[in-house]
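First, one chain by itself: the form predicted alone, in structure tokens.
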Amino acid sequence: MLKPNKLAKNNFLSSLDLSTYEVLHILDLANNFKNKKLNIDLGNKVLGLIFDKSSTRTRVSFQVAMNRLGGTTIDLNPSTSQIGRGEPIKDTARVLSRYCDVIAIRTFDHLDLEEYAKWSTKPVINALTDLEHPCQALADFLTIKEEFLDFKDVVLTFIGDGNNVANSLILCGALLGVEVRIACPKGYEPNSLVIDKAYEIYKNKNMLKITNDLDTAVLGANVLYTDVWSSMGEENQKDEKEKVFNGFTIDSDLVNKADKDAIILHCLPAYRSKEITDEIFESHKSRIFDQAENRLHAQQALLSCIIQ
């Protein structure tokens, strides 16, 4: 498969920064990296990590991915850098552009990410914002492709808050032609602009369903996916959300309504007995730790395309 030139030296702020072909190319590269069929040495390139939010999988997977590509990472903790003292984003971005070859940013406001990208002369990667988590979506669809070999007739049902993960699943699903169903309590639907963008991409608008009816969303689904009900920064809403989301738990009864060969995904960390039962989390249907591992391979593929 030929390398798409458009990815080189470009930002990856949203799933929509990729074409369908580019997503498939990254998934193909990731699979080759994972199966040790490919080795790329980028030669001492530097990845800067700016993480305003705590992280385990995103931080470690980016660091290991960069190391495997022959590069290094610099972890810029806001509490131990001038970022935490209020240095303007435009100053930080211009300075880091002189030191780093690519910058991955994990923050709250998506507008802050866009501000970094505006002032940086080096590619910026969205390592999570409150709006999107596009790197997670790449790993998710890599996991789905491993299981079902392609995306034809795959139905992905996400159960829970219409959050950043749901938004990126919708957008990446639209690019890949995957039927995506979002089941959430009323008032917790995904971002309306994201939904509109996805409908513009889908050839068949019935491929995206947003519903408050769990049974409708789960019936015959091939993939059941969930996430925590309260994302980082929403700790003050935790008690309220637990009441609202009561019943939106992936348990054995719900799994039995899906396709008999359905798999279970969760982007972690998980809170057993909340969004998913321990029984289902640990069941033979779970691909959760394959999914977590695939963050590494998907990001290694993404970095190899972006860094030149």
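Note that the coordinates shown come from a computational prediction; the quantities given were computed from them, not determined experimentally. In this text, residue numbers run from 1 along the sequence as written.
The same protein also exists as the form predicted together with ligand CP; that form is not shown, yet it is the one meant from here on.
K.L.:
Just one of 149-157, 205-213, 132-140, 118-126 has heavy atoms within 4.5 Å of ligand CP in the model of the complex; which?
P.N.:
Comparing against ligand CP in the model of the complex, the contact stretch is 132-140.
K.L.:
Could you tell me if all three of Thr56, Cys267 and Arg295 have a heavy atom no more than 4.5 Å from ligand CP in the model of the complex?
P.N.:
Contact check passed for all of Thr56, Cys267 and Arg295.
K.L.:
With a 4.5 Å heavy atom cut-off, would you call Arg181 a contact of ligand CP in the model of the complex?
P.N.:
Judged by the heavy-atom cut-off of 4.5 Å, Arg181 is well away from ligand CP in the model of the complex.
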